[in-house]
Every structure is written in C-alpha cells, then in structure tokens.
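As structure tokens, one chain now follows by itself in the form predicted alone.
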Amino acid sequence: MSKPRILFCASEVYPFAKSGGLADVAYSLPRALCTSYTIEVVLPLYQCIDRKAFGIELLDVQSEVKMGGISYPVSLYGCLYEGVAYRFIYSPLLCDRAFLYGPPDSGYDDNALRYGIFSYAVVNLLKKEAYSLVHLNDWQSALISLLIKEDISIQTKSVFTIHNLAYQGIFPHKALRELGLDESYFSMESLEFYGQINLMKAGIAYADRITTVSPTYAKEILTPEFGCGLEGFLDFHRHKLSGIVNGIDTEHFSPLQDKALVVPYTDLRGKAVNKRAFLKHTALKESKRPLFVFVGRFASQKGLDLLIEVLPKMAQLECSVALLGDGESKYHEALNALSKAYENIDVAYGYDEELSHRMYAAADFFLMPSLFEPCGLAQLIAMRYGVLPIVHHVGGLVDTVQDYATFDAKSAKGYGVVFSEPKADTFLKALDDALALYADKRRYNTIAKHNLRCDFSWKESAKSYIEIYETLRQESSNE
C-alpha cells in the first residue's frame, strides 16, 4: 500500500538556501516524516542555489501563472537529495536576486509579487499532482491556503505553520490587484491590516489547521505583548491552533559524526580539544577560561541591543566571547568596535555553516538573550554539543531549557542558565551565575554531559504532526 503524499512548501530549505531556522526545519522535519509519508519539498530556485552540485534538472517545460492580468513565466525543476524529492519553482522575477528576501536592512518592495508567483505555481502543482495535504510555512507561502479555497477542483487540505509572527508579509493595498485577488478579500476577516494587506492572515484564515513552533509561543501570540497586532485575529481562529516544539536533525548536528570538527567526540575531553583548536584560529586566548558563544542573526529580536550593552562589562570578566552572524549594519558597526576594543571578544560576520558547528563544539556557554523566541534551534544544537545555553525565559526557550538550579539527572530535558527579564542587570546576574557554575567543575561537567546525552530529535514532535495530518486526511475522506 502506497504512503499518503505530502507537499511541504517553504521559502528556504537547507542546504539549498538558508537565512534562518526555517531552512533547518524545512530540511529536517520532512526527513523525520518520511517513514510515514511520501514527502516532497518545494521551494524557489534562487540564483544562489548550485544546480549542478545538487543535480537539479528541468522537470516540466516552461509554463506561466497569471496574476492581475499579467503572465509570468514559470518552470519546474527537481532533484533527489538524501532520499527526499525536492521541487523547485523558477521564475526570473522570483529567483534572480542577490538576496532571498532583500538586503539585511530591508525587504524587496515587490516581495508580494515574487511570492505570489511562487504561490500560484505551487497551486498549479497541486492541480496536476495528487497530494493528500500541503504543509505551508510562514507568510511567503500563506497565500496558497486562500488560493486552494478559491479553487473547488483542489481537494488538498492545508496546514500552516507560523515560525515567526514578527514577519507577516505586509504590503500596500495595490498588491491585492497585482496578486489577482478580488477586492472582497480586503476586509478585517481576510487580508486587510490597517489599510494594507497582510499575507500571514491568509494562512491563519484559510488553512485547515495552524501550528506554531512551541506550545508556549502558541499561547504568547494570543496576547498583545507577542501578537504583533494579530492577537485578536489569532484568538478568533484559536480552535485551529496548536504549538509543537521544533526538533533538530541529530545526524546533521552530531558531535560524533560532524565532519566540520577537528575531533568528533562523545565526551568532554574531545570537546576540550575542539575548544583549543577553535581558539587558535581566533584572537582569543586562555583555553581555561569559559567560552561564551553567540550564533545567529544580528537583529533586535535576538537581543542584540541587550548583548551590545552588556558586552563591555562582560569583557571585564574572566571569560572569552565569540560571535558569528549577519544582520543590520548598526549591529555590525557596534560589534566591530567592541571586538577592536577588547581582546577577549571575537566577531565573525556572515553565514558559515561549518564555522558555526566548530563554535558549538568549542563553547562552554551559548548566549541567547532573545526578546522573543518562537522556538529557537540554536539552544537545542548547543545542548546537543554539550553546551549550557544562557536564555531569556520566553517562547520556545521555556519549553526546551530548564534552569540548572533545578537539575535532575533523570530528566530528559536539557539544562542551562535561565533569566527572567531582558534587562542588563538580570542578564549580568545570569552571566555571574554561569561563571560560578563553571568554577564548580564537577557540577558544570555533570550538566554538560547530561545535555550531550539528551534527545533533541524530531521523534516526539513528528508524532504530533502526524496526528494533525491524519485528522485532516480523515476529514477529507468524510467530505
């Protein structure tokens, strides 16, 4: 008996194109579901993707999608990578850009049109092929759920996952016409949002089920503090909403199998070798000092303002700090000045997958002072490499990191240092606690080794997605 067929739709997927955690989820979750379903993943064929390296070939001759009376050429490409079938939508307007969504400080003005092309092309794929369900991710693919409801010939059910509510795909009213949508969709119950259109609302309003990437974040987004203006709209649709915590691919993020590391390891002795090797390739010294690491976007959400405020005081402590990331120019300038002023602060810019792995392997503590965090993957990866994360008690960090003061060796949870408010004094107190813990070598090592053994895979979370998929499939068969 053949497995049910699922189309997983995302605007970025590792290793083809990545700007953040969505790419990692879109890579690892389909792999975790492959035992139960035939999963195909579809994404844009951006110019940054190496077609030759991945064996990407043309699957369908050029066709077109029509929006607002204008035709846009579209081609379908594909490849098989690590046992998963990938489909790529190519259209010049969508794909031939230097960045996925725009420069770090802004998005492209025509992103509504770009991801409208993507959405219509995916809907054409749903018309040609028989899929039981389509799984949509973030605003870039949210419009698909609306287009499915418009076309009675499509029986495919849809799940829409909100990875980060702060990015909603908000555009001027004129984008409604450019997308070929009827004016009736410009209403509070549909896409209208303070005189503009909001593509995130399409996924919330028209998908059959809504998920977000942790149980705590699912509750937070129903409040004014975290709802980003959509808390009332989400509350109206809360009967469709559930929170499922993200996992990580424990083969890709494996200190035992990681080819980026100087020495693969399963214990803290091997980890110490990687720490010394990393420090040799930076301006940092003193391998006996605790190493604090940050890997992520240089953005307000990630607590960069707080981190930059605290770093000068942190530099006075007996520790070393290494940061890797990319983002807004103001953060680049501030971090560059700090790295020049203090010899125990090192900053690397850009996206470097292998370097990030070496930093996880080298770190003693991982810095994650996020103002809000839907789930976060970095803390899971860090703990997988035997690191203790230092996290703000918010969102998915609540669901994934327990405070070291409550350590229980029998627990399946990971542990770190948790602070309650995103303020300089509470963050500094957490850093002081981390240093005191590190000085208690026996206690620190016990917790680090515990984190190394924890299971941060998709095993349990995949069961929750399967439950949603099967419920929708049952509903579809009853209709």
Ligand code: ADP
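The numbering used is simple: start at 1 and walk along the sequence shown. Predicted, not measured: the structure shown is a model, and the values here were computed from it.
There is another form of the same protein, the form predicted in complex with this ligand; it is not shown, and what comes next is about it.
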With the partner removed from view, which of 403-411, 187-195, 96-104, 301-309 is the stretch that lies within 4.5 Å of this ligand in the predicted complex, judged by heavy atom distances? 301-309
Check whether residue 255 has any heavy atom within 4.5 Å of a heavy atom of this ligand in the predicted complex, and answer yes or no. no
Going by a heavy atom distance of 4.5 Å, is residue 131 a contact of this ligand in the predicted complex? no
When the contact criterion is heavy atoms within 4.5 Å, does residue 330 count as touching this ligand in the predicted complex? no
Given that this ligand is not shown alongside this chain, does residue 225 nevertheless sit within 4.5 Å of it in the predicted complex, heavy atom to heavy atom? no
Though this ligand is not shown, can you say which of 286, 353, 82, 109 has a heavy atom within 4.5 Å of it in the predicted complex? 353
Assert contact residue (this ligand, in the predicted complex, non-hydrogen atom within 4.5 Å, options 335, 146, 74, 381) equals 381
Can you tell me which bits of 371-409 touch this ligand in the predicted complex, meaning any heavy atom within 4.5 Å? 373, 376, 377, 378, 381
